[in-house]
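The chain below stands alone and is given as structure tokens, in the form predicted on its own.
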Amino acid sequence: MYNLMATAEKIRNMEIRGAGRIAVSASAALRDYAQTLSSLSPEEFEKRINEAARILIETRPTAVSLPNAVALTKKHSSRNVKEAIAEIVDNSERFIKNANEALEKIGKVGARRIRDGDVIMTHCNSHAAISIIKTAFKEGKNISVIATESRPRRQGLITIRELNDAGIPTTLIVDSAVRLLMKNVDLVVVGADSIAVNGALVNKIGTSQIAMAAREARKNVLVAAETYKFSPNTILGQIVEIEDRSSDEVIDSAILKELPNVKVKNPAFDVTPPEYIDLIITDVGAFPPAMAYIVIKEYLGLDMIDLN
């Protein structure tokens, strides 16, 4: 049973992290919350569901998987509260099932792009990117991985543990070593928090400089992304908000107090332009960035766009 407020807090403080895990948790929390509202009038039910959706969406402003998951889950047509709840439950269970199956599909599609002997660089901790790497390894390809620390929260340490446990030879590097070691890399595989209609990628801070180094070294960049990570509202010109996080992630607050002339900027994400990306690997196939609009239109639906 997912408690709405507890789940929202866990997403906010990054106890639940990763765009896919955030989406699944939010969908489950909204589903379970809806089931507590069966005694309400239709008007009060709508008010409560919309308020719950707002609470979840506001926890993390950048990962579009969150509002997409919430929108897909809360969609219902019935004015009868019990019927509306049943619709929401069905929506959530279908979304979670599809989300779990998406990782396997992405792994199979992406593994076809990995050759025997490849050295792969990855960044942060993306279940979709790791699915591609693990699938290629399970297929018997002799591969190895270079993984970044992904500061300031060092999500790369989660990645190297997962790869280690899968038996995949892995090297951990500091983020600033990316350009130096790019010459040893055959392919870059990263995840996604949001993908805009023009194919631009919003992902963990540092992704864009990895993509830039890869472009300079003429190495291909693959983005692993479930279809629900595409951003419908960018069709209307909405800019994906880049989340700024606490300075405590970068420097101890006690030290910062001793430095009155110093401030800390801690953006959690950056934007990689589409021309730095060779292919986006999704659960419905592999697409060049220029086809992002088609993915949004055909697999999310234009009714996902918020016209307000």
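All residue numbers are counted from 1 along the displayed sequence. Just so it is clear, the structure is predicted and the values come from calculations on it, not from any experiment.
There is another form of this protein, the form predicted together with ribulose-1,5-diphosphate (RUB), and it is not shown here; the text below is about that form.
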| property | result |
| --- | --- |
| One residue of T148, S231, N203, T73 in contact with ribulose-1,5-diphosphate (RUB), assessed in the model of the complex (non-hydrogen atom, 4.5 angstroms) | N203 |
| The unique member of Q155, T135, T170, S92 whose heavy atoms fall within 4.5 Å of ribulose-1,5-diphosphate (RUB) in the model of the complex | Q155 |
| Close approach of N125 to ribulose-1,5-diphosphate (RUB) in the model of the complex, 4.5 Å, heavy atom | yes |
| 4.5 Å heavy atom contact, R31 and ribulose-1,5-diphosphate (RUB) in the model of the complex | no |
| Any non-hydrogen atom of M14 within 4.5 angstroms of ribulose-1,5-diphosphate (RUB) in the model of the complex | yes |
| Contact of G20 with ribulose-1,5-diphosphate (RUB) in the model of the complex (heavy atom, 4.5 Å) | yes |
| Options 171-179, 191-199, 84-92, 208-216; stretch whose heavy atom lies within 4.5 Å of ribulose-1,5-diphosphate (RUB) in the model of the complex | 191-199 |
| Within 261-276, the residues that have a heavy atom no more than 4.5 Å from ribulose-1,5-diphosphate (RUB) in the model of the complex | F269 |
